[in-house]
Structure formats: structure tokens, C-alpha cells
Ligand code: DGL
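As C-alpha cells, one chain now follows by itself in the form predicted on its own.
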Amino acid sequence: MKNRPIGFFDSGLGGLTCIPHLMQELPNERIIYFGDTARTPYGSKAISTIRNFSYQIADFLIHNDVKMLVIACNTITSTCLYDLKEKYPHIPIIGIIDPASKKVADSLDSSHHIGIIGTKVTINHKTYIDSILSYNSNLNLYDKPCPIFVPLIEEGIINNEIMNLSVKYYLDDFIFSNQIDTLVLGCTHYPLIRKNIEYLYPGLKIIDPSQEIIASIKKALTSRKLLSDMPYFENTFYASDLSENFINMIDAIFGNTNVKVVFKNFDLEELEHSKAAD
């Protein structure tokens, strides 16, 4: 039971940013990752569509006998976390927003000006602001949707002037007019442009939810006695469109490790057809 894999899923490749942190903290854990690269980005889609896609992927991961679901996507967490928990009560489900919210609330005070960036859906839902204020109501919070970041990152347009100009377009006025000193990366894709942001705004404190979620995963596994005790170095990464960018990103993250990676393309229409047949 405890040596089963952890299921991660995201709208695309952004959730991959969680994996190195997990492997450093919990090196015995095996991972099955699903990136819905064929239908990304989710941030501009209707909530009902996001929910249906999330159910499909969760069904697939549970069918593959995962012991936990990790929603490595802020958009899905902000719109579907409670729906997923209600639909799958037999399995622990961790969303990415609450751990980062607690980090902000515990480590900052009213002297700070905290910015939150994310997709349109995440920002419009005010999920981060509501979550942070539930822990600490005395904070100065500001949020900003940055919808172009995910498509550019998914296309591998990161280390160049196009991305830097896009970052400045969204963040220059937001940071300076609100005197932002701390920035929450409210999308798991955004750690991939963290260096761009730090280069353009030196001295800005960055809070990365992809890192903060690991403590919650460890706590949930420990409390349920589900921590793996077998070193296992083969991880499977599924994508609904196994693009070159997806493979390149995994190579960049795991290329210098002894972790075995299995790539698998998966057609979500097959899942829909199989469920209909059931």
C-alpha cells in the first residue's frame, strides 16, 4: 500500500516544478505525472470544463493505483479542489494553494506589500487572497492576472527578450505602484520564469508554492503511514500531447540525475470511450 506512487497532475508542464522539491525531501517516493498538454492552458476556460477535465485525469491516475493525488495546478486547485475531494473521499488530495498561503501568513506582516500573480481563473476567484487572509487578516495583498505567461512557457519561450518584455508588461506598474516587496508565484508554470523576474526586479522576495506544497505532502503521507520505504527510481510522465517541449522540460529537470523516466502519450478520448463502455 505505502509503496504505491503519488499522482501529480497539471494543465500542462508547470506542475513539473514541484517534482525536484519532492524528490529532494522524499527520495523514496515514486511519481506518476499527468500533464494535459493538449488542452492547456486551463486559466481561460470555463469552470465546468476545467472540472470535467480534472475528473478525467483523476480517474485515470486512481485507476493506476496512486496513493495520493497532488493538484500541481493553481487553476484546478482554485476551482475544483473541494469537488475532487467530494468525488474521491477515499484518497488524500492535496492542493497547491493552502501551503503557500500559510507560508505567507506565517512569515510576513503588515509592513509588507505582497503581490500574487496567476491565471485569470485563479486571480478572479481570489482564492489566494481569501486563503491568506483566513490565516492572517492584517496583510496587504494585491493580485494580477498574467495570462500570456503560460502559453509562452509551454512553447519554451523563456530565456529571451520576448519573455522579459512580457514580464515587464504585466509587472512593472503592478510592482511599482503597489510597492510590492514579496511576490507569490500563483501558477506552477511561473517558477520556470523565476530567474527572469529576479533579474528584472532584484531584491524582490519570491514565494514558490511548488516548493511549499512538499511539507503538506509529507505530513499527509506520514499521518496515514503511507511514506514509501523502498527506493524507486522509475517515474512515469504522461501527457495528452507528448510534445517536444514537454520532453525537453523533463530532460532539463532530471537530465543529471539517476532517475528513470518513462514517457507515455495518452489520448483522453480513449478514457472517455472506456468510461462510456463501463
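In this text, residue numbers run from 1 along the sequence as written. Quantities reported herein were computed from a predicted structural model and do not represent experimental measurements.
This protein has a second form, the form predicted in complex with the ligand, left out of what is shown; the following refers to that one.
Chemist: Would you check, heavy atoms only and a 4.5 Å threshold, whether residue 101 touches the ligand in the model of the complex?
Modeler: Result no; residue 101 lies far from the ligand in the model of the complex.
Chemist: Flag residue 43 as yes or no: does it have a non-hydrogen atom within 4.5 angstroms of any non-hydrogen atom of the ligand in the model of the complex?
Modeler: Heavy-atom contact with the ligand at 4.5 Å: present for residue 43.
Chemist: With the cut-off set at 4.5 Å between non-hydrogen atoms, does residue 150 touch the ligand in the model of the complex?
Modeler: Within the cut-off, so yes.
Chemist: Among 187-195, 200-208, 129-137, 106-114, which stretch has residues whose heavy atoms lie within 4.5 Å of the ligand in the model of the complex?
Modeler: Heavy atoms within 4.5 Å of the ligand in the model of the complex occur in 187-195.
Chemist: Give, in sequence order, every residue of 107-127 that has a heavy atom within 4.5 Å of the ligand in the model of the complex, or say none if there are no such residues.
Modeler: Going through 107-127 in order - heavy atoms within 4.5 Å of the ligand in the model of the complex - the hits are 119, 122.
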